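Take a look at this single chain, the form predicted on its own, given in C-alpha cells.
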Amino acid sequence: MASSRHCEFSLREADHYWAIAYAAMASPCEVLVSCKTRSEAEELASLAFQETKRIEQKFSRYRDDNIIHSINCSNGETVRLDEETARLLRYAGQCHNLSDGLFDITSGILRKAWTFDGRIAEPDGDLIKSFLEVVGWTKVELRDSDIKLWPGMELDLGGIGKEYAVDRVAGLLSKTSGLSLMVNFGGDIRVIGESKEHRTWSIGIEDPSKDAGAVGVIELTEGAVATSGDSRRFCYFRGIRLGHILNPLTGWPVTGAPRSVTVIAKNCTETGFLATLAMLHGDSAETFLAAQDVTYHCIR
C-alpha cells in the first residue's frame, strides 16, 4: 500500500511496472507505469490522483461548487467559461453534429425519468415529454468564452468527462516520465508507449453476460479502448430488457443495440464517443462501426 503521506491511492509492484489504484468518478481507477522505483511510482501516482480529482471536481454534475453547477443553475443567464471548459463543450458540440443529434450532452436530464436497477420500469410518458422540451444542443448558445442555456436545461458531461480525464492523466504522466503506461478508469483505457520500449499491455474484453471473465484479449502498445454496454445498468419494460443509454430524440432507451461495444482508436475521448454512438445506432451498430476507421468488437 501507499505510505501514510499518500493514503489517497495504493501502490503495488508487479512484473517490470508499478500499479497505482484509487477511486474517482464513480469508477475504480488504475494506472500501470513502467517505472523502476517506489519513489518514482509515488510521484506519478500523486500526479495522476490530483489531475483526476481536479477534473472530477470541475466537471461533475453531482457537485454544487463547480462550473457545471453554475451553468445548470443559470436560469437562462449567460455564464463565463474558462478555456478548458469552452474547449470541452466545443468538442461536445462537434460530437452532436457528427452524430446527427444522437450524442447530446443536454440529454442527461432524461435520467430523472428512468431507473436502471435491473427491475421492471414504469416510465411516465408525460414526464419524458416535458424533459424533451429542454433537451437539444441546438438550443445552446455557445460562444468563444461564454454559454447560455434555456431555463431548465442541464449539461451532463458523463459521456465524455471520464474519457477526457483518462487522456489528460495519460498525457501528463507520459510528459513527466517518458515511460510506457496504461490508464484505466472503469474500462475506459489509454495506452502510451515509450519510444525505446514498445511494451504491450493486455486488456480483457468483458463478457456482459457474466459478473467476471473475458471473451477476448486486446494486445495494445499505443492507443485507446472504450466499452459501452448494458451489463450493469438496465431495466425491463413489457418483458424487454432495456439498457441505460437514452436516445435524446425520443427520451427512451435505445432498442436493438449490442450488449456491449468495444472500440479501439487513437485516444480515449474519441473512442468513448464512438462506442456510445454505436450503441445509439441500435440494430445498425455494426454497420456504423464498419464505416469508421477503427477496430471494434460487438457482443450481442
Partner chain sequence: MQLNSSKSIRGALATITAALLGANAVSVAGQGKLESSLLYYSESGRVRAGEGIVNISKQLKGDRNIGVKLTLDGLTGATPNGAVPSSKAQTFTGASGRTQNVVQPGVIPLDGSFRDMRFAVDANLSQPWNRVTSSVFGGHFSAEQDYYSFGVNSGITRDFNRKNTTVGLSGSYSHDIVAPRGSAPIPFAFLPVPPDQPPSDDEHESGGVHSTRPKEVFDVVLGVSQILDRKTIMRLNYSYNRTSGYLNDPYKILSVVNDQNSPDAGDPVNYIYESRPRTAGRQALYGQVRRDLAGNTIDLSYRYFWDNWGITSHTVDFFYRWQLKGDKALQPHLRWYHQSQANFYRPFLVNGVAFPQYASADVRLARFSAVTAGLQYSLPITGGSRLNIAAEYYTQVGDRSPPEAIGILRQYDLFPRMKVLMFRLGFESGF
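Positions refer to the first chain, counted from 1. These figures come from a predicted structure and were not determined experimentally.
There is also a form predicted together with its partner chain; it is not shown, and the following applies to it.
Residues placing heavy atoms within 4.5 Å of its partner chain in the predicted bound form fall in a single listed stretch, namely 169-177, out of 148-156, 169-177, 133-141, 112-120.
Out of the listed residues 242, 257, 44, 29, 44 is the one that sits within 4.5 Å of its partner chain in the predicted bound form by at least one heavy atom. By the criterion of a heavy atom within 4.5 Å, residue 185 is excluded from the residues contacting its partner chain in the predicted bound form.
Not displayed here, its partner chain is approached by residue 292 to within 4.5 Å at the level of heavy atoms in the predicted bound form.
Residue 24 falls outside the set of residues with a heavy atom inside 4.5 Å of its partner chain in the predicted bound form. The closest heavy atom approach of residue 267 to its partner chain in the predicted bound form falls within 4.5 Å.
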